[in-house]
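One chain follows as structure tokens, the form predicted on its own.
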């Protein structure tokens, strides 16, 4: 059996790869001294993918919002019951998640890895949808949606997305809405499943003390469903998004002790994939730390004044069709924090970014990455994320080391446009 091996010499890491006849890509990073073993089976399909051309068809369809998450829930159900109990009997941990762009099914164990792997592959590749179990699930997910609607941190985040985006589906809750999930039926679930869960649209990643040849045999023997021939890529369709924001501010009241805020900057310099997208993600995160990190004068000043609590941070989310930076925190005066953020950006534009702060934060990001490589969970879940963006977790260090001060300066100029700023605030009831 021919297996490709890619080495990352600086890290002394090896990545093993085999593409099966059905198009499934299988990857493995060895950790011979680890007792924990981890596998994740994922599809390039998330909550954003509501408009697409189904496998074997020519015309695009629009499916209900939240169907990717609904499908994730339903795959755990079998004719004989729930798959969780079978993993529990093997002494392993199993879970799944759906985000904007991917759906993943995973397990970790310290024993019986190949039995767990067989179970993972079989249940993900064998859907069981009926009118009865689909309607039952609607009630369960409706309760989940209502629970998140009452979650202040979740609500302040999605309200910020709704403020920034006009058309893009990223502004919609991953689970959909109570109204949208009522429109889901088994026929639409099967149509989504057959399109996006084709092995050629999926990847299986493993990390730990594992025999790769043995694992490959387990996978090949257990992908046994009738798979339609499929060539090319799934054709997803994304609504055109204007460069302008939707709203400047969204305010709401929930049960919180102090107001929460998310300040969002909408990114319009998009269309990147692969290593270039990863570079932009890393560059932006360095920039955010330089501007708003807890070692900056800006942070210390607003903290010392009591404008914010210690719960204050930033993140950049960037994809081919959308991107945004968010500054999040807790404050009795969120609009005053917003003014200070604006003033700080104007001041930095006039006086220039600090080069030493760039070097310090770049080194810090390198250090975090090297520490995180000790975690099989970090390796597996980030491998999936980067793989579907056409890059690799093993490219991370080389790309990060090659980012320079001018990259950060250029990013600062095109990202922090005050006309593309939105704020979401949750006040106490």
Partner chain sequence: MSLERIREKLMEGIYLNVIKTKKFKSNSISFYFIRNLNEKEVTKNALIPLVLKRGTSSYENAMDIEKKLEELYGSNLSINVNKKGEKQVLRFTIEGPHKDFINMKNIFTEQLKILREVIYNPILENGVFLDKYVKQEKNNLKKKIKGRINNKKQYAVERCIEKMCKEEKYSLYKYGYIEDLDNISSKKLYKHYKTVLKRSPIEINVVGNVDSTFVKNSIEEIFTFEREEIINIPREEISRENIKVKNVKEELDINQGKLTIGYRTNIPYEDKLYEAFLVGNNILGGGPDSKLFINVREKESLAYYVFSKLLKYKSLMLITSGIEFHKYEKSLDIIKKQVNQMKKGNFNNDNITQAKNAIITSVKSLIDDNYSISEFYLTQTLTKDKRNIDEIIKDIENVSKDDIINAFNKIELDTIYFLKNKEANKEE
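Residue numbers count along the first chain shown, from 1. Predicted model only: the values in this text are computed from it and were never measured.
Keep in mind that the form predicted in complex with its partner chain is missing from the display, and what follows is about it.
Just to be sure I understand the contacts: of 269, 251, 185, 332, which is the one whose heavy atoms reach within 4.5 angstroms of its partner chain in the model of the complex? Checked against the cut-off, the match is 332.
So which of 115, 320, 78, 144 gets a non-hydrogen atom within 4.5 Å of its partner chain in the model of the complex? Exactly one residue meets the criterion: 144.
If you check in the model of the complex, do 12, 110 and 257 all have a non-hydrogen atom within 4.5 Å of its partner chain? Affirmative, all three are within 4.5 Å.
Using a 4.5 Å heavy atom cut-off, which stretch among 364 to 372, 381 to 389, 41 to 49, 59 to 67 contacts its partner chain in the model of the complex? Among the candidates, contact is made by 364 to 372.
Quick one: is residue 149 in contact with its partner chain in the model of the complex, heavy atoms, 4.5 Å cut-off? Answer yes; at least one heavy atom of residue 149 falls within 4.5 Å of its partner chain in the model of the complex.
Is it the case that residue 242, even though its partner is missing from this view, gets within 4.5 Å of its partner chain in the model of the complex, heavy atoms only? Residue 242: no, not in contact with its partner chain in the model of the complex.
Residue contact check: residue 173 to its partner chain in the model of the complex, 4.5 Å heavy atom: Answer no; every heavy atom of residue 173 is more than 4.5 Å from its partner chain in the model of the complex.
Is residue 84 part of the interface with its partner chain in the model of the complex - any heavy atom within 4.5 Å? Within the cut-off, so yes.
Going through 26 to 49, which residues have a heavy atom within 4.5 Å of its partner chain in the model of the complex? Please give them in sequence order. The stretch touches the partner through 31, 33, 34, 35, 36.
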